[in-house]
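Take a look at this one chain, the form predicted on its own, written out in structure tokens.
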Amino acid sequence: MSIFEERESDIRAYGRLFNTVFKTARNAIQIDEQGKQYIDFFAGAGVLNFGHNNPRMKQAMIEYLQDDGVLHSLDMQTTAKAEFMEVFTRVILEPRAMPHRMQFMGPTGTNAVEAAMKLARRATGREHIIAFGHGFHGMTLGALAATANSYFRNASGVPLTHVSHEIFGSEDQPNAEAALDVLAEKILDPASGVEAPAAFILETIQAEGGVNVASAAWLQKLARVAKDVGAVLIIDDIQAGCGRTGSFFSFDELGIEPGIITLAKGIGGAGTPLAMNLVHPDLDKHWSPGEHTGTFRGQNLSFVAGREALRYFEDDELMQSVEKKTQYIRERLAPLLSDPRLSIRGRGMMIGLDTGDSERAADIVKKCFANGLIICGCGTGGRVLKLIPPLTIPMADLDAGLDTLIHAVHSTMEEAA
């Protein structure tokens, strides 16, 4: 019995699925203690957009440590924090004419969501928030109320209140726009009994929910509805942001202006924890000092690594590479669609292969791992295989990983025929 089986909580999940002990990693390759190599199409659930042990970030962190840089600072000012904020302003915010302020909190996505929901309620004086079916926003109670999956919700132990769920406007939901019209009409009708919400919260691409992509028309209509009813539009870009879809934000070029954008995962660059909300100044003024705190909101190694990550967006080289790799992934997977049980969706380097069956998906994941590929299921019952390799994955590793995946899919689908 390993120390993990003997002493780690039974709540562990990924360690059961990928039952080996990893020792080293670089870019898209992990190596276990036996020396076996694995191509990583999971990337820390979307954290490692820039690969394991990115050399630029590693060197910057080593130099910072050797210079006795401040590691922990609460929300005090440090040189590392200033450099991160200056680069983020110059590279991300100013080109988009975004006036948003940066709020740092406890370094998890769920904490970012908690802060966003709290501020929306404070700013509007309302309690209710509208989320969407199949959405995932975190595991703490407020964020969990916005999460749709009953498996996670049932573990709360208390009622999850003040949030309701509507139809998500994915590209395969033709009735979503009409449903949004009905909802807006009810909210605007003072005799309907439906109160205006404090906020609408959503992912533009529901990652854990099954790689469901919201249609541009539905998103744009939702943004108009939010404005019409005086609600805050919160975009949860925790997994789909930081370049994953081919631009820094998943909603770039859609013409929408979120009041709050939640970021985590890839924003820390090297896998060091960091969460940040971008908050419009009209909302940010509703905070009073120290109303939402977090012991580790001054995570300076994350600022150092995150600053280096932002340099990837100073030119178009990385995003052009993402576009090329996206096209290649889709070309390699396209022949699988001759099987009517399979379908593909997604945007950028977040691709979902829907197997239509959770047992088939689990079998594919198992076969892939046995043959040196880490990939994970998502969506209802885990039936969708989610491809989220590092954006920096070398083409040779991408090609080899796709070979393994395609072989496993063919094998499983033939067995299930």
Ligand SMILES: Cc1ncc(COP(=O)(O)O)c(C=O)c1O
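Start at 1 and count along the sequence shown; that's the residue number. Just so we're clear, the structure is a prediction, and the values are computed from it rather than from any experiment.
Keep in mind that the form predicted in complex with the ligand is missing from the display, and what follows is about it.
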Among 93 to 101, 289 to 297, 323 to 331, 238 to 246, mark the stretch whose residues have heavy atoms within 4.5 Å of the ligand in the predicted bound form.
238 to 246
With the partner left out of view, is T124 within 4.5 angstroms of the ligand in the predicted bound form by any non-hydrogen atom?
no
Heavy atoms within 4.5 Å of the ligand in the predicted bound form: does F136 have any?
yes
Tell me, yes or no, whether E203 is in contact with the ligand in the predicted bound form, where a contact means a heavy atom of each within 4.5 Å.
yes
Should E208 be counted as a contact of the ligand in the predicted bound form, where contact means heavy atoms within 4.5 Å?
yes
Among G259, P197, G266, G109, which has any heavy atom within 4.5 Å of the ligand in the predicted bound form?
G109
